[in-house]
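Quick heads-up: it's one chain on its own, the form predicted alone, in structure tokens.
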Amino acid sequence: MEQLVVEICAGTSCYLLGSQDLIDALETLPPDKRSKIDLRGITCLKACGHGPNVRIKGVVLSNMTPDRLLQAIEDNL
């Protein structure tokens, strides 16, 4: 089974803008969905002024919120 790679920036700017909230949101997913996600922390997506940033399928998503992240994952699973 191929997992969906979700990369969350954990650089200083994104961390201060809420990247931990995004990680926490992923932990609320039911185990069957969570098992389909390969969560990776990265240091920078070069969009620090628009964080927190996430990359899914090579696309950088800026100004991410927990709700938008969960919707993006749902759309890509």
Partner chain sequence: MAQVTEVVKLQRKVLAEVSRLALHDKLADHVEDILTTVVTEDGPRYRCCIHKERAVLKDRINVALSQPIGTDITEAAANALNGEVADGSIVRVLPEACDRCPIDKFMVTDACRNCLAHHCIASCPKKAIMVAGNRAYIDKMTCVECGMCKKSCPYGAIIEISRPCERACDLKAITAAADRRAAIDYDKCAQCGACKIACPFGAISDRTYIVQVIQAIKAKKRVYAIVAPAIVSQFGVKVKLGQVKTALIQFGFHALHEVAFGADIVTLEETKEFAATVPTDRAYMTTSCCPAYVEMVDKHLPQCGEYVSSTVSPMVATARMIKAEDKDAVVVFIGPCIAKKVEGQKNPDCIDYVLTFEELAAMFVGAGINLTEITDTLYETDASRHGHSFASAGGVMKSVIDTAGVLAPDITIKPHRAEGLGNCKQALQQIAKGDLDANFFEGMACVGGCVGGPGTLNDVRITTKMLETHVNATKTVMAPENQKAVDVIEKGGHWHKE
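Positions refer to the first chain, counted from 1. Bear in mind that the values here come from a model prediction, so they are computed numbers and not experimental data.
Note that the form predicted together with the partner chain isn't included here; everything after this is about it.
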item	value
Proximity of L26 to the partner chain in the model of the complex, heavy atoms at 4.5 Å	no
4.5 Å heavy atom contact, G49 and the partner chain in the model of the complex	yes
Distance check, L69 to the partner chain in the model of the complex, heavy atom within 4.5 Å	no
Contact label in the model of the complex: V60 to the partner chain, heavy atom within 4.5 Å	no
Joint contact, S13, L16 and M64 to the partner chain in the model of the complex, by non-hydrogen atom at 4.5 Å	yes
